[in-house]
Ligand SMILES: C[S@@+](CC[C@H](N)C(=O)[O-])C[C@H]1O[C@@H](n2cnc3c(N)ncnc32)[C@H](O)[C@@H]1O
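Listed next as structure tokens is one chain, alone, in the form predicted alone.
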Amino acid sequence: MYSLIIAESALELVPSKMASHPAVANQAKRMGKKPQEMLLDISYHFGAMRGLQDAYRRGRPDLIHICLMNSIYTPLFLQGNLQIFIHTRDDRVIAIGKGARLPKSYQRFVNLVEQLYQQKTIVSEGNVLLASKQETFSDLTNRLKPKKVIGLSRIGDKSSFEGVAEALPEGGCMVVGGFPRGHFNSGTVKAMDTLLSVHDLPLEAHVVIARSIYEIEETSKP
């Protein structure tokens, strides 16, 4: 079993200090929700996010959605050989249920995650789709006890997708950033065994995930 952690993800509810901003309040009224029950989304809340600390790394649930679409429909996950976790910037960990089928529609995905923030667990036909808890990145890796934790970043040691697959043993954990810009925080890096760069270009997280999973599948073939 391999593990994938999408770390420091730009996934969070609207902060309380933004709740009264017109961009947020108007959207909440349209959706029939309270402002702080909605996911922060820069596509809708750009004006309200001005002055927000680390705004350039926040409000990107679409990024997390596409990362999941590029991982949960792979043979590695469908055959039960990959477990996936979303670690958010505010230290919430969302576990993706075994064999979970998540909405391909972005808006349905948003609604599901907003529901998760209220209920902590989403169950469908007796199976857990998503489960959420407060947990730091280091606490998560300590709980998983992977054989090796490999983070992927442009500032890591030069490698390749094939090199990552060869370096990651079965029972290992691959970590990809769930933020649009920047690098992992120092505390996250400290919980890793190594940090590798797979390409000279600044590739999108979902591309890194899809290409890495493919190479892991090829390397782990009997």
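Just so you know, these numbers come straight off a predicted model, no measurement behind them. So that there is no doubt, residue numbering starts at 1 and follows the sequence shown.
There is another form of this protein, the form predicted in complex with this ligand, and it is not shown here; the text below is about that form.
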Counting only non-hydrogen atoms and a 4.5 angstroms cut-off, does residue 182 reach this ligand in the predicted complex?
yes
Flag residue 59 as yes or no: does it have a non-hydrogen atom within 4.5 angstroms of any non-hydrogen atom of this ligand in the predicted complex?
no
Contact of residue 17 with this ligand in the predicted complex (heavy atom, 4.5 Å):
no
May I ask you to check whether residue 10 falls inside a 4.5 Å heavy atom distance of this ligand in the predicted complex?
no
Given 32-40, 183-191, 47-55, 165-173, the stretch touching this ligand in the predicted complex at heavy atoms within 4.5 Å is 183-191
Counting only non-hydrogen atoms and a 4.5 Å threshold, tell me whether 152, 197 and 203 all contact this ligand in the predicted complex.
yes
